[in-house]
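Read the single chain below, which is given as structure tokens and is the form predicted alone.
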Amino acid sequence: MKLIEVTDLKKYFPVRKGIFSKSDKYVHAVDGINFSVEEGKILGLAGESGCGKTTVSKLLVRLLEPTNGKILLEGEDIAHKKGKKLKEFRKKMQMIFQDPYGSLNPRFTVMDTVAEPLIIQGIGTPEEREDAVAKALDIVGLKSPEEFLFRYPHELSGGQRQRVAIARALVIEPKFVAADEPVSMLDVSIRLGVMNLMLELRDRLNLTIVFVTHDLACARYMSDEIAIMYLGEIVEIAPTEELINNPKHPYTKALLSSVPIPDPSEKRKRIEVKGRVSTPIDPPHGCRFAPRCPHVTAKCKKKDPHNVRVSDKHLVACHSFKS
């Protein structure tokens, strides 16, 4: 069953000219993307910095309102819900932020932080909330939760802070979690522990997760499917191993060619990408990757590519590929 289904999702930000003047230009942060995530599965959303990944995650949990498009959660469109209706849906969706230092209020104890969603949603008595917080801390690997309840963020390590952030997201038992690069600011030595925790929680709680990352190795380890983003668009989406072993889009191939191979005796041909990322401000028609693509044609510069189906779940947006 599809828990999340996104159709033609767009988010444009106006470019400010001045205090009193209106902008006639827009940053196309997310520009007409389509994907779905089945219940209990993890979709990896990968791409380089500035491609729109974080904006997508904020749209999915409605921290941002879309410019256009639909976000179906269990078949109901939440893209433009407001007020009490949106608050009700927030019980089903939560977000884990990238920075465990900035996402926790330094004046809140762990108890205050993790209990806040329960208080906002009016769930339980004070005693029931304390029990729920202790249970959430135990689930995320902070054993002996009574030792953590009244600590402040500065008294915790980076890994412990991120586990507290995960507990905060899970305490109201959501069905969907958007994880925005949840391990990118952690020490390499503790990243694997947090990723394994998220996989364990997915299986234990039947969570559906969109895992945002710029690291294809992390995306491969965590995800059932991977979607590759470039300048606000999804250029390729496929089951994880199919995308890793049989990439079709030139940008996907270039990303994969830059991933280090642990075996020093094996060499991988590096695909060089020319130029720089184009501006996302009112981009012209045509393929966004065309100015940097080694296989660019005149058609690529004039006409927007449409998704071509490679296999049942493998889609690529490229003029040079024919199904």
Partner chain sequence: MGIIEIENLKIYYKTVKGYVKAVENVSFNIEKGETMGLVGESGCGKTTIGMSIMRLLPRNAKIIGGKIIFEGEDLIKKREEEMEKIRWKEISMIFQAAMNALNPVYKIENQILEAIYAHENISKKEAVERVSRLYSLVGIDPRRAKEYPHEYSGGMKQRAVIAMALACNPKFIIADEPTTALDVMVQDQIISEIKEIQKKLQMTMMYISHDISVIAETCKRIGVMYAGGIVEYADAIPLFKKPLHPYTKALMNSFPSIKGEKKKLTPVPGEPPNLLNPPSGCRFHPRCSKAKSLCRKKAPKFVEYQHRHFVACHYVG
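Small disclaimer: the values here were computed from a predicted structure and weren't measured. Positions refer to the first chain, counted from 1.
The form predicted together with its partner chain exists for this protein as well; it is not shown, and the discussion that follows is about that form.
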As a check of understanding, the residue in 81, 220, 175, 248 with any heavy atom within 4.5 Å of its partner chain in the predicted bound form should be identified as 220
The one residue among 37, 27, 290, 254 placing a heavy atom within 4.5 Å of its partner chain in the predicted bound form is 254
Counting only non-hydrogen atoms, the one stretch of 66-74, 28-36, 279-287, 48-56 within 4.5 angstroms of its partner chain in the predicted bound form is 48-56
At 4.5 Å between heavy atoms, is residue 187 in contact with its partner chain in the predicted bound form? yes
Margin query: Against its partner chain in the predicted bound form, would residue 124 count as a contact residue? Criterion: heavy atoms within 4.5 Å.
Written below: no
- Item | residue 141: touches its partner chain in the predicted bound form, heavy atom cutoff 4.5 angstroms | no
- Would residue 214 count as touching its partner chain in the predicted bound form under a 4.5 Å heavy atom rule? yes
